[in-house]
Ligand code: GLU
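This document opens with one chain alone, in C-alpha cells, the form predicted on its own.
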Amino acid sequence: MPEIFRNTRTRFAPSPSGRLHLGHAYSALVAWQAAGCDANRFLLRIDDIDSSRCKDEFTDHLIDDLQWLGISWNQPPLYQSARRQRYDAALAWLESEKLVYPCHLSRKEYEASLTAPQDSQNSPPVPNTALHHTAVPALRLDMDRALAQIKLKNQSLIWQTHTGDAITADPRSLGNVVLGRRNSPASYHLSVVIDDADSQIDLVVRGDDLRASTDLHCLLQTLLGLPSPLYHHHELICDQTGQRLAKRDKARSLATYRENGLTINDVKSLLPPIKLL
C-alpha cells in the first residue's frame, strides 16, 4: 500500500433505490483498496434520504452484495435518513446568511426558465419563484451571492486529488443547485459534504462523472467551515455502447451475475484493474 494511503479513512455510499451493478462494485472495491482492505477504515453509508425511491429491501441486498465481494466494515452503517436535524441546521444557517432562496418551480419548469429564447448572448433569466405557492418550495443555492461571500472573505476554492494535486474549483457551471428538496431532508450535494466531514473521511472515492460536483462541494465546505477530504475520481464502467452503467437503464445487477453462477473472481475479471496512483 503506497504511503499516501496509510491510515486513510474512506467510505462507500450507495443509494438503496435498486440493485448494485458492476459500476457500484468497481467503486466499492476501489474505496476498499484505498482503505487498505481494513474494516476499521472503511465506512458504509446508506444514502437513503429520498424516501420516494429508497427501499429497505434494496439496503439488505446491497449489504449482501458488498459482503459477497469481500468488503467489510466494523462500524454500523450510517443512514442519512437518521440525520435530518444535522441537515436542517446547515440549511437554516445558509438561510440566515441569505445563501439559499426558496424556489416554487418544479425541476422541469426551472430548467425551462434557464433557456433564453433564440438568443444565446443573453444571460439566462432569473426563475420566477413566485409561481405555484401551493407547493412546498425547494431551497436553491444563490451561486452569485455564495461566490461573492467567498471573495469578500478572501477565501480560496481549492480541492486536492488523492495524489496531492491542487485543483482550483469553479462551481459556476452547476448554477443555483437545489440544497433542500420537497421530498427529502437535503439534496445529495449538501448531505454528502456534511456526512463526509462528520465521519472524518480522508479520501472520497467516486466516479469521474462527479468531478464537476467536487467543485461545488468545495464551495459548500468552504461556506460551512468544513474540512475538505482528498478526492479520487475513478474511470466509469460502461456497457457495450459506451454508456455509463446506471440503475435507471436497468444495468445488469450483481445479483444476476451471482444467480448465473459467476464467482467473485469472475466478476472482478469484468472490471478494469484498480489504479490508485
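These numbers were taken from a predicted model, which means no experiment stands behind them. In this text, residue numbers run from 1 along the sequence as written.
As for the form predicted together with the named molecule, it is not shown, yet the points below apply to it.
**Q** Residue-level contact is defined here as any heavy atom of the residue lying within 4.5 Å of the named molecule in the model of the complex; does residue 11 satisfy this criterion?
**A** Judged by the heavy-atom cut-off of 4.5 Å, residue 11 is in contact with the named molecule in the model of the complex.
**Q** Whether residue 47 contacts the named molecule in the model of the complex should be assessed with a 4.5 Å heavy atom distance threshold; does it?
**A** Residue-level check for residue 47: yes, a contact with the named molecule.
**Q** Can any non-hydrogen atom of residue 206 be found within 4.5 angstroms of the named molecule in the model of the complex?
**A** So residue 206 counts as contacting the named molecule.
**Q** Can you tell me if residue 146 lies within 4.5 angstroms of the named molecule in the model of the complex, counting non-hydrogen atoms only?
**A** The answer is no: residue 146 has no heavy atom within 4.5 Å of the named molecule.
**Q** Since the chain is shown here on its own, which stretch among 186-194, 138-146, 86-94, 172-180 would lie within 4.5 Å of the named molecule in the model of the complex, judged by heavy atoms?
**A** That would be 186-194.
**Q** Could you tell me which one of 226, 210, 236, 54 places a heavy atom within 4.5 Å of the named molecule in the model of the complex?
**A** Exactly one listed residue reaches within 4.5 Å, namely 210.
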